[in-house]
Each structure stands twice: as structure tokens, then as C-alpha cells.
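Just the one chain here, the form predicted alone, laid out as C-alpha cells.
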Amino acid sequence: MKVLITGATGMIGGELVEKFHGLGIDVNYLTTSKNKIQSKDNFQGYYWNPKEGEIDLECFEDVSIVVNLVGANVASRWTTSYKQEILDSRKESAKTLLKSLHKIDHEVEYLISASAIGIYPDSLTKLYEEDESNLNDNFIGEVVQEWEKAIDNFQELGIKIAKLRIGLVLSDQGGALEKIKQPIEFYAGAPLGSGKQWQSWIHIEDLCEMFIHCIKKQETGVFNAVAPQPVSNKELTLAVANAIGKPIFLPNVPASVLRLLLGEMATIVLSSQYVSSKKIESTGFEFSYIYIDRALQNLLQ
């Protein structure tokens, strides 16, 4: 088996590459930076430029699995132009891959793509499962819906499709956890907004294992990639503080202040999605990190 990864040099991609290599699986990857291209026996890089529809078609040689992780980071200020980049980076990359596969004889039989729980509306009370028909109508909701539609198009080639709607990924290699931890370390941490909003999180090791589980079992459809025990923003903040031995004594940061500082992007930290993991568990997947305290102990201590 050989896997092609888009977004292999990101936080999730880097961990996933190590997992694949540990299983003896060779990895091809696509990058928009020619200086990030490596050439090893089990790790071969290829250049692409989705904005221009450019791709080195040799990337598909002997590849049977595609893992799609690429997309502009949503945690940067949402100017009008950057919002377009967030959307286009997901749609154009899928479009470039699909057009390329139409042109060549290939062995790709399965594609698994990142998606996001931002597709679900903001709610403090509703438990979201994958068959939810009431979808988020804000910017992030629009992005995720367009992203998933672009991935669905691969079915026209007879390729099996899986989409993982990923929650808040906790990693010791940066990302959201680092942003939460930094102010707490300097005694400036506090819950955000009401602090009641649900944070459906997942340990990065469980996320990578979920990708591998779906590939091995050729699971198709949509799966929520979240741990079984979501926590509130206040619970998460206090758990991080406890894990690093720092107190929380400041009052909650008002939502109005967050909107002033972050603009429209404040919806990322203020929205609430209480998301179920039952569907992926029903396929036989077992989480190593169910509770937030154990996950943070592993990552921070």
C-alpha cells in the first residue's frame, strides 16, 4: 500500500506520516513549496499549485489511498480576501486532485478527507450526530459544506469516500492547545465568553488512529472525529491550568471583547458544538483518550 497525503507537513499530517511509516506504509505527499520536497525511499514529495490547477502527476504512481488534509488555517484574521482563501484552498485542492485523476490511469480506490464539526449550528443543548440536517449557515458552516461537496465528487470515479468531521485537536506540537496554554502560563488565562460553550475535542493520537482505522476497514460516509466526553470551555481552561500547575483567577473574557479583538473570527471560540462519537465507535474504533484530564496529562506533563 502507498498513501498520498495533502497537508502532510502540517500538525496532523506530520503525526500521520509517522504512523504510516511505523506500519511500513510508504507516503507520497504534495506541497506548494518546492523547498519542502524530500526524496526518500518511503517519503517522496511532489509539487502542486491548486490555485493554478498544477500538479505533478507522478504523485499518483502506485498510490491506492489519498488522505486529504489541506486547507488554509481558519485561525487567522478573517479579512474578505482571507475568507476567500480559506474557502478556495479547500475547493481548489479537491478540484485539482479530481481533474488529475480523470486524466490518468490510476490505482486510487479510497479517499479520506478532513472536515470539521463547524458544520453543526451553535447550540448549548443539542447533541449532534452525523445525520443532522440542520446545518450551520455562518461562514464556517458554508466552508465545511462546500468542502464536503467537493470531496463527494470523487465518487464519480468509483472511489470510496470517508469524511472525518474533526473537533478541537489537542497536540503538544502547537495548535489550539498551545494558544490556550500560553496565557495561563503567564497568569492571564480565563474562560472565554460565558465559558459554557461545548468544546468537542480529540487527542491527536486518537485522530491519527481514526484515519488509519477507517482506511484499514474501508469505512465510508461521514464520521465525527471527537472524543466521547466533550467539555465546556470553562472546564477545558481549568483542566489545562491544573495540568500545568497554574491558577485561574481572572474573570471570563466577555464575548464583546473577543469580537472586538478577533472580529468575525470570534465565532470559532464562542460557538458551541456538542458532538457525538457513537458512530465511529460502532465500527469498532476504541479511543485511548476519553477524558480531558488524561489527555492533558499525556500532552502537558
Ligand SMILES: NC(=O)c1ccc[n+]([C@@H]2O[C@H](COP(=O)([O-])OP(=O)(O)OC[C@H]3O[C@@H](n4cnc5c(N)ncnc54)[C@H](OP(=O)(O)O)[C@@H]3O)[C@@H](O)[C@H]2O)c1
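Being a predicted model, the structure only gives us computed values, none of them experimental. Numbering starts at 1 and follows the sequence shown.
Only in words, not in the display: the form predicted in complex with the named molecule, which the text now covers.
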property: Heavy atom distance at most 4.5 Å to the named molecule in the model of the complex, all of T9, T31 and V169; result: yes
property: Heavy atom contact within 4.5 Å of the named molecule in the model of the complex, the stretch among 244-252, 229-237, 269-277, 62-70; result: 62-70
property: is_contact(I119, the named molecule) in the model of the complex, heavy atom dist at most 4.5 Å; result: no
property: Residue contact check: R259 to the named molecule in the model of the complex, 4.5 Å heavy atom; result: no
property: Distance check, T96 to the named molecule in the model of the complex, heavy atom within 4.5 Å; result: no
property: Proximity of H203 to the named molecule in the model of the complex, heavy atoms at 4.5 Å; result: no
property: Interface residue in the model of the complex among S115, N224, N136, Q199, criterion: non-hydrogen atom within 4.5 angstroms of the named molecule; result: S115
property: Within 242-269, the residues that have a heavy atom no more than 4.5 Å from the named molecule in the model of the complex; result: none
